[in-house]
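Take a look at this single chain, the form predicted on its own, given in structure tokens.
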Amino acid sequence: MANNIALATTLVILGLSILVAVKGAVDYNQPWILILNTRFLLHTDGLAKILILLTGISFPAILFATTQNQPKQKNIFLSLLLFTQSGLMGVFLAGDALLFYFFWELALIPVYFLSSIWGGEKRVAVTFKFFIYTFLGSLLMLVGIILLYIHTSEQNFLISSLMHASLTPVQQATAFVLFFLAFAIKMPLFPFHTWQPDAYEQSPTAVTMVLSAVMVKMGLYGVIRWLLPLFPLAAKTNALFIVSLSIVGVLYASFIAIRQDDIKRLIAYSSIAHIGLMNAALFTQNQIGLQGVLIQLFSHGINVLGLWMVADIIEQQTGIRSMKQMGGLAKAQPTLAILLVGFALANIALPLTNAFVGEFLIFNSLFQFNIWAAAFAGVSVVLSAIYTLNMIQKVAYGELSTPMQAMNTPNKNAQIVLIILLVIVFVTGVFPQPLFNLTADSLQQIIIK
């Protein structure tokens, strides 16, 4: 019963998300905490729509795909997942900084309980590390919000008011650092990334999918929605440093991914590399780069969701994550192997897949920003191909290993979800214009020239 209610709820949310994306904007603006002059302001533009659509697709897909391996106390587990979805939707809709902070915490708190109660053997230590990182990041952001609030003439938390806060260059630089650290931890950006691989490895499968496909996008969303518009001077001043830091993180994560034998940790480090590349493009403050990131936010979420689902099916049926012990998936389960190869090729931005369009625009913006930054970032394309093709070879091909011989056909729900996700990969890769149309109205509003 609990599973049916949760699935029905997420499907309704998916329907509403599609309706909002197709039909137009949603605006809800009511007083919230009167003594602080805050408002419960929810607003959709292209940026919000693309992430609402991703969130709307991800949760029913995750619930359908993991129906047969959900943990005990399912009603509590699913309730916390739905709270997480509510928080994520609120983060992407909020137009008031205090409301944004409220939903930011609402999205994180359920994940803490989900991981600490239903996680792996090392869940306590890993979840504590995750909590410390995210708590410190949230606290820094709250201090930055208060700093902006006290320097606004209207004394409110609306983004339109905060954009006109009377800050000295030093105050703007301080507030910029406070917000940036919060968002960098959430992405996570090198060197604040160390919580992520362990958290992905130890969290329940459904939670790992939420973290990787949607929740890390909160950091990038924060940069686009709040950091760049609120602190244009500080963003331009620190652009070269942050782009360089991001590219270092991309290369670092890519080299670490090449060394991985655990398929889950490989996917985790691959995700760090992709997020770092998107963040680098954002700080070029180029409309082409921003458009690429908006497309890539959606594409990366779909691709990594598919990869996690295939990895989870293999682990659930064989009990292994070591790629050395895999091999011959194409012989044991050819359909699953085809799905793995499809998502893996999208992960390296092969032409005709969804990631190609966004990544092409991202590299275009990096070339316009700094030729050396683009050159070093371009190395990551080769590295991504190395670790991804290596994964395909070890998992899908070669001799049929003993563990893989025991694999059965995945349940129909998981197969249907994976096929739908792969269709999205190729449809949006061949015909990306609807995504461009969806996000077009955000370009002029965000980039400050």
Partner chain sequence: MNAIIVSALLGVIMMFSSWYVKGERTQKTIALIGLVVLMVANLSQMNGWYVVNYDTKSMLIFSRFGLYANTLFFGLTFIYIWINGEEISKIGNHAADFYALFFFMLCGVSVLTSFDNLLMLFIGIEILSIPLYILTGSDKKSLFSNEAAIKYFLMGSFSTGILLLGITFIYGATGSFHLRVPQTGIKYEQFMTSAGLILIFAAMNFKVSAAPFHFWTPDVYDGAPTVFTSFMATIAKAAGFIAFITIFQTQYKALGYSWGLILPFVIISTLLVGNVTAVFQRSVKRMLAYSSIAQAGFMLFALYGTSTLANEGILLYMVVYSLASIGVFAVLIKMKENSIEAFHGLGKTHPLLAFLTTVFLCSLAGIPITGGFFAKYYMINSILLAGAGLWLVIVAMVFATISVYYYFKVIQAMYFVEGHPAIMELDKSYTYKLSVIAILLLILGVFPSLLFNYLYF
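Positions refer to the first chain, counted from 1. The structure displayed is predicted, hence computed values, not measured ones.
The discussion below concerns the form predicted together with the partner chain, not included here.
**Q** With a 4.5 Å heavy atom cut-off, would you call Ile150 a contact of the partner chain in the predicted bound form?
**A** Close contact exists here: in the predicted bound form, Ile150 approaches the partner chain to within 4.5 Å, heavy atoms only.
**Q** For Ile146, is any heavy atom within 4.5 Å of the partner chain in the predicted bound form, or not?
**A** Judged by the heavy-atom cut-off of 4.5 Å, Ile146 is in contact with the partner chain in the predicted bound form.
**Q** Might Phe157 be said to contact the partner chain in the predicted bound form, defining contact as any heavy atom within 4.5 Å?
**A** Yes.
**Q** Even though the partner isn't displayed, in the predicted bound form is Tyr397 close enough to the partner chain, meaning a heavy atom within 4.5 Å?
**A** Heavy-atom contact with the partner chain at 4.5 Å: absent for Tyr397.
**Q** With the partner removed from view, which of 345-353, 294-302, 95-103, 324-332 is the stretch that lies within 4.5 Å of the partner chain in the predicted bound form, judged by heavy atom distances?
**A** Only one stretch qualifies here: 95-103.
**Q** To verify the annotation, which of these, Ser86, Asn364, Gln317, Ser116, has a non-hydrogen atom within 4.5 Å of the partner chain in the predicted bound form?
**A** Comparing distances to the partner chain in the predicted bound form, the residue within 4.5 Å is Ser116.
**Q** Just one of Asn370, Ser244, Thr174, Ser79 has a heavy atom within 4.5 Å of the partner chain in the predicted bound form. Which one?
**A** Selected residue: Thr174.
**Q** Counting heavy atoms only and using a 4.5 Å cut-off, do Trp195, Tyr200 and Leu389 all touch the partner chain in the predicted bound form?
**A** Not one of the three qualifies.
**Q** Taking the partner chain as it sits in the predicted bound form, which residues of 124-157 have a non-hydrogen atom within 4.5 Å of it? Please list them.
**A** Sequence-ordered list: Val124, Phe128, Phe131, Ile132, Phe135, Leu136, Leu139, Leu140, Leu142, Val143, Ile146, Leu147, Tyr149, Ile150, Phe157.
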